[in-house]
Ligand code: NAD
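Only one chain is shown below, in structure tokens, and it's the form predicted on its own.
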Amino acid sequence: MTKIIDCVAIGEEIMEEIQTETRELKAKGITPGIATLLVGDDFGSKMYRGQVEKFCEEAGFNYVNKTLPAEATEEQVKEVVLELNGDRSVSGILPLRPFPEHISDYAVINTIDINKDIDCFHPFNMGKLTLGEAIFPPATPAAVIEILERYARAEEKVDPKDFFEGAEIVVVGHSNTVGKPTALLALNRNATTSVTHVFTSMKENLEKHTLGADILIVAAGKANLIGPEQVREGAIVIDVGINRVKVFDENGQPVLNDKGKQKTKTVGDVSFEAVKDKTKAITPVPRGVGSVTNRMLMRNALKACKINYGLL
């Protein structure tokens, strides 16, 4: 029978662990903290900032909000980063992108103290990840690995080391933020790792890879990209995608809300209902990988705090 992985429960377990460690640090007079840096008024960034603030409050962290107008110069933004680098109440700095066009992501990210780069944006930390020495693994890829490790212990009753070693893992999507680092984290655990992407699909070779996967991790950002014909019987499927799609009835007609506008819903990159009975285990969307992602960011901030205070 298919196991629907309860990512919400995993996220809650991790938060409890973080709260315990935070209380222990506070007993020593140390409080972890996260600073977000927003330039301009991007709606998605503001939503994410609100989530980070909420999780900081829940964990018992300090939270610092730095917001600059869209007209701010690159030098002004870098000055704020340098200020946060020197602020001991801030364990980790989270730049909220996209920045306005006149501000270089590269210039801002390279100004962040590598020991406060809690989402692995800095080339130094990405290099450490590539070498198998990750200090702060990116939050979403780390969430994928954490879900699989906890699944291995709880459901397969095996050590995560044995679970990953030699497993055929296929990642669909090769973004710098999710696909590539996820593949690296799996490879660093001695999995046999393949990365597929839009060009694989264009050559009609996607199924050639996905049907061989013991574990299929889908992070392409395309709604319902993966159906049952791309999934091997008994595979474990981790769906990272979050997409908004319009709702239609069984006759293909738009379903309207009480304001007369077409309803939308959140779906993943995997056609969940069509695929789930073919899998050994699968994550849902919503209430899936995203439920763990912010907790992994908090865990990185906790580690950064310990590094900054010489406790690691």
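We number the residues from 1 along the sequence you see. Keep in mind that what you see is a predicted model, and the values were worked out from it rather than measured.
Below, we refer to the form predicted in complex with ligand NAD, which is not included among the displayed structures.
- Listed stretches are 120-128, 92-100, 148-156, 165-173; the contact stretch with ligand NAD in the model of the complex is 165-173, by a heavy atom cutoff of 4.5 Å.
- For the options 184, 77, 206, 191, the one in contact with ligand NAD in the model of the complex, meaning a heavy atom within 4.5 Å, is 206.
- A heavy atom within 4.5 Å of ligand NAD in the model of the complex is found for one listed residue only; from 85, 115, 177, 110, this is 177.
- Among heavy atoms of residue 201, some come within 4.5 Å of ligand NAD in the model of the complex.
- A residue is said to contact a partner when one of its heavy atoms sits within 4.5 Å of a partner heavy atom; residue 232 fails this definition for ligand NAD in the model of the complex, lying far away.
- Heavy atoms of residue 238 never reach within 4.5 Å of ligand NAD in the model of the complex, leaving it off the interface.
- Contact annotation for residue 81: none of its heavy atoms lies within 4.5 Å of ligand NAD in the model of the complex.
- Taking the partner from elsewhere, no residue among 31, 56 and 64 has a non-hydrogen atom within 4.5 angstroms of ligand NAD in the model of the complex.
- In sequence order, 206, 219, 220, 221, 222, 225 are the residues of 205-229 having a heavy atom within 4.5 Å of ligand NAD in the model of the complex; the partner itself is omitted from this view.
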